[in-house]
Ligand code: HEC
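The chain below stands alone and is given as structure tokens, in the form predicted alone.
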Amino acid sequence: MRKILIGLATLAVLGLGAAWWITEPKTDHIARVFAIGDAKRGELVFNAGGCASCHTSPGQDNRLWLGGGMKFATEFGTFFAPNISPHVRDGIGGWSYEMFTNALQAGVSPDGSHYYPAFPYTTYVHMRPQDVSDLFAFMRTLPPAEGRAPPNQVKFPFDQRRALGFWKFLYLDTKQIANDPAKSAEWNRGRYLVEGLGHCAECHSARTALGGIDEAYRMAGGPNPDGKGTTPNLTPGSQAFAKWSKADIVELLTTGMTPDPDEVAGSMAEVVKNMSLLPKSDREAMAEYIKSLPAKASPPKK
């Protein structure tokens, strides 16, 4: 009996040690490559990443007034987008480049705690070092917005931030998006914009019970983050979308008009505002990649 108890105690200690290691906020996967940031290029990264869509203060006409405060109600709780303006006290004006990359690509705050994945660092983790540097340079040129967003209202047990380490262990894929030499430069650019900066899968995918992207339905549509209806299937598994041409997708990303004809609304209208500011070649690249996606069935309606 004594040996059994010792064995159980040993297993418990090992289990606790493993759990502590898994849940520890980690940043060692980030490519710490020094690159001088270019604010002009950073503006393109800012628009491709859709930063203004979430962080512009509600009611503000200036989309570069990033005081935060936008509300996101989810089944796990209510989240409020934070102030990411260069305001030293209320925003990120006092952050170092390392703090910025830790937040953007690892979901780790300056105080060393986990950020909730309502912030799509699960996709921004794929950003290339130069783009991160350029974005950081551009963010520093924006107006400092005073004021902080309300605190998140998260339900137990999801309010235990340390436990987010388990979530990251399951869902945070830190592999970089490498160019496929068998594909065209346009396709590779489109893949990076869709799967990286544009984080399209964050909205156009079904989720597991824990809130991670269900890979079986990645890009095949899912519940609308706005809380109404569903987002469309972007693969040829949708007969309607399979009929869209590359030009149709470019038109949608430029004007918000569909070939039906109809006009997008809600969060997709915000996406169009951002994508319309990119060079046309980038929208064409995104369309090229999206048209190449493998067919997947849409997720069953709940």
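One rule holds for the numbers: they count along the sequence shown, beginning at 1. None of the values given here were measured: they were computed from a predicted structure.
One more form of this protein exists, namely the form predicted in complex with ligand HEC; it is left out here, but the text below deals with it.
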- Note on the structure: Given 181 to 189, 166 to 174, 208 to 216, 135 to 143, the stretch touching ligand HEC in the model of the complex at heavy atoms within 4.5 Å is 135 to 143
- Item | Site test, 39, 64 and 93 vs ligand HEC in the model of the complex, non-hydrogen atom cutoff 4.5 Å | no
- Query: Do residue 198 and ligand HEC come within 4.5 Å of each other in the model of the complex, heavy atoms counted?
  - Reply: yes
- Is residue 126 close enough to ligand HEC in the model of the complex to count, meaning some heavy atom within 4.5 Å? no
- Message: Please tell me whether any heavy atom belonging to residue 224 falls inside 4.5 Å of a heavy atom of ligand HEC, as the geometry stands in the model of the complex.
- Response: yes
- Contact of residue 115 with ligand HEC in the model of the complex (heavy atom, 4.5 Å): yes
- Query: Heavy atom within 4.5 Å of ligand HEC in the model of the complex: which residues of 36 to 58 qualify?
  - Reply: 49, 50, 51, 54, 55
